[in-house]
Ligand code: UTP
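Taking the form predicted on its own, here's one chain by itself in structure tokens.
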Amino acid sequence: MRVVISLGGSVAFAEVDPSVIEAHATAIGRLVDDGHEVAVVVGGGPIAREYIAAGRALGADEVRLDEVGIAVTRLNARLLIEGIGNIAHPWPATTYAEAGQALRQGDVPVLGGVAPAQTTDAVSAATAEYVGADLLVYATSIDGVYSGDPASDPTAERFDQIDVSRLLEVIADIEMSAGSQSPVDLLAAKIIQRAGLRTIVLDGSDPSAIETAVRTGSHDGTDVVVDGMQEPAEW
């Protein structure tokens, strides 16, 4: 199976902890050993937010701040590449074409950000669409998709399964509140919809949960449902 794993910066890079990075790298290696083709997109996490806040205080515009964030994601990607070792593409892929070529060569491409005004959520979905992935997994710091922002709404309920059209509605409602968070952003959800991508959103703090989701489809997060999508033959 061809899978794209979106590895949240708050999951693997909350701190620069080699043991955490190595645990995720090892899980990715085991999936490759099982015969899966894997591409990974990593986020910037708290470190990126710290740099962006500093840049904003210094007067940088939003495009330049996006570029600062992209630079941090690519540093994170380099660390994960070192953890994955020889089966990884040796440097962070900076375009979808480069990621696709790496997969065709049998390597694990690792991407960070690609362009300003595009989150790594969207990069993950676009990568999955570009390479024809069978599965897209968002390994986040939130254990699925909620009816509201769980950080600010104690009544928010987690969906076990959600139609992508409903996901778009939920995300739009969450993003109306400044500073709130969603495990998948609006552009990513639109790409998932148009590409018919089978998608799972789960808590990625335990790398073995990501492995289980890829191998069996079993998880404690949220399945994003798109009309007409097929279940992977491996499940």
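For every residue, the number given is its place in the sequence shown, counted from 1. The structure presented is a predicted model; accordingly, all values stated were derived computationally and were not measured.
Same protein, other form: the form predicted in complex with the ligand, not shown, and the subject of what follows.
With the partner left out here, the ligand still marks one of 193-201, 64-72, 26-34, 164-172 in the model of the complex; by a 4.5 Å heavy atom cut-off that stretch is 64-72. The partner is absent here; in the model of the complex, the one residue of Q118, Q101, T95, S147 having a heavy atom within 4.5 Å of the ligand is Q118. Exactly one listed residue, out of I210, A189, A48, V38, brings a non-hydrogen atom to within 4.5 Å of the ligand in the model of the complex: A48. A residue is said to contact a partner when one of its heavy atoms sits within 4.5 Å of a partner heavy atom; L111 fails this definition for the ligand in the model of the complex, lying far away. With a 4.5 Å cutoff on heavy atoms, A88 does not count as touching the ligand in the model of the complex; it lies far away. In the model of the complex, the ligand sits within 4.5 Å of a heavy atom of V123.
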